[in-house]
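Shown below, as structure tokens, is a lone chain in the form predicted on its own; questions about how it binds or moves come after it.
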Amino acid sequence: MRAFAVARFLAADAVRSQRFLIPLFLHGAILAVLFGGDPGPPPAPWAASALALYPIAAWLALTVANTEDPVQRTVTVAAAGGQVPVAAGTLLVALAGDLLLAVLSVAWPVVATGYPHPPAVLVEGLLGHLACATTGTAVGLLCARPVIGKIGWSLLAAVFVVVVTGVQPWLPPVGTSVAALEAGAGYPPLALGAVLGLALAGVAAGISAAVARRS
């Protein structure tokens, strides 16, 4: 319950800071370009939007984790009763953002294009986007405070990891999920990618809490 209370507090703080607007608007602009013409029948066009969501989700997680300065975070930790609820609350806010962006990415071509989107294909698209988004959240949490204290180094580290891992089609969960969308491979690889991405995000939150406790 404390994690949900922290999540509500952090979400309100992020909304007040308006820092989340830049990655949100950027992803909207990417979707407008990708699906503004004739992208082709689903699920293949979602491969590009899912891959684009990987760095956007990492950016969003960095934004959420770094919304508070170290002094404010100390107060939040004391009020929440420890580092674990704060790390869990940060994860919940980032995952909520992932879900919002994933739904937006899947729904955009449904509205903007004339291709049929049966429910089974929509689920494939959602799973593929969630696999990439949750992995981006893992990267963002591992590159944010308290793991990396300086925002400049955080951004450089996140960009490096995203660039290196995002272009490898054999590397799960991002590469394999994007390849599965391109090939129309169906549920199994996409569901596996989504579960693995969520697990990585959870591990990243745990590492963040452990580092914070030792610092």
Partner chain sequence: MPVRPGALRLEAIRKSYGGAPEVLAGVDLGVAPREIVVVAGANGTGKSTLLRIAAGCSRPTSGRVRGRAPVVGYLPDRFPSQLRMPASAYLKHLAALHREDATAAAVSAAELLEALGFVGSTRTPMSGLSKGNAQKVGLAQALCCSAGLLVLDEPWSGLDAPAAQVLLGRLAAAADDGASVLITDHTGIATALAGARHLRLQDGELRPAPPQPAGQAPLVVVELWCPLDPAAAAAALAPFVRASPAGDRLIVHVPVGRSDALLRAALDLGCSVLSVAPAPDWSR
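Positions refer to the first chain, counted from 1. Just so it is clear, the structure is predicted and the values come from calculations on it, not from any experiment.
One more form of this protein should be noted, the form predicted in complex with its partner chain, which is absent from this view; the next part is about it.
A residue is said to contact a partner when one of its heavy atoms sits within 4.5 Å of a partner heavy atom; A79 meets this definition for its partner chain in the predicted bound form. Though the partner is left out of this view, T165 does not reach within 4.5 Å of its partner chain in the predicted bound form, counting heavy atoms only. Not displayed here, its partner chain is kept clear of L99 by more than 4.5 Å at the level of heavy atoms in the predicted bound form. Remark: A107 does not count among the residues lining its partner chain in the predicted bound form, judged by a heavy atom distance of 4.5 Å or less. Note on the interface: of 186 to 194, 29 to 37, 51 to 59, 65 to 73, the segment with non-hydrogen atoms within 4.5 angstroms of its partner chain in the predicted bound form is 65 to 73. When contacts are defined as a non-hydrogen atom within 4.5 Å, none of T113, L122 and E182 contacts its partner chain in the predicted bound form.
Residues of 4 to 28 that come within 4.5 Å of its partner chain in the predicted bound form, judged by any heavy atom, are A5, V6, R8, F9, A12, D13, R16, S17 in sequence order.
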